[in-house]
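Presented below, as C-alpha cells, is a lone chain in the form predicted alone.
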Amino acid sequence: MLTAATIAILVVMLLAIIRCIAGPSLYDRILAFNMFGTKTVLLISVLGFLMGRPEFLDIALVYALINFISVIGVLRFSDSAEFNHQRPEAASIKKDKR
C-alpha cells in the first residue's frame, strides 16, 4: 500500500516539474515549485517509514523549512523593482491598479 503511495507521490512530483517548466505565469511556476517541495517532504517521510528510519522525519522537517524560506525569498524578489523591470507586462498591470 505504501509503495503505491510512493509511486503516486513521484507521479505528482513529475507533474509539478512539468508545471514549473511550462507554467503560463511566474506565480504558477512558484506554486509548482512549492508543491514539488511539499511532495518531496512527503516522499522523504514515507520512505523513512518504509525503511524503518524515523530520523528521516527530521530531514523532512528541515527540508520543509528550507522550502518555505526559499519560496518566500523568491516571492519577495519577484515583487522588487529590478524583477518587474524585466517583465514589461507587470509594470502595465501595476499602472492599471493605481
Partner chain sequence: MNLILEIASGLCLLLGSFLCLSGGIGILRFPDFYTRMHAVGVTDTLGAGMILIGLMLQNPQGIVLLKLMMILLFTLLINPAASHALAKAALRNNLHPVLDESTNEGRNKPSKP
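Positions refer to the first chain, counted from 1. Fair warning: this is a prediction, and the values are worked out from it, not measured in the lab.
As for the form predicted in complex with the partner chain, it is not shown, yet the points below apply to it.
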item: Heavy atom of N34 within 4.5 Å of the partner chain in the predicted complex; value: yes
item: is_contact(T40, the partner chain) in the predicted complex, heavy atom dist at most 4.5 Å; value: no
item: G73: touches the partner chain in the predicted complex, heavy atom cutoff 4.5 angstroms; value: no
item: Stretch 12-34 - residues with a heavy atom within 4.5 Å of the partner chain in the predicted complex; value: V12, L15, I18, R19, P24, S25, Y27, D28, I30, L31, A32, N34
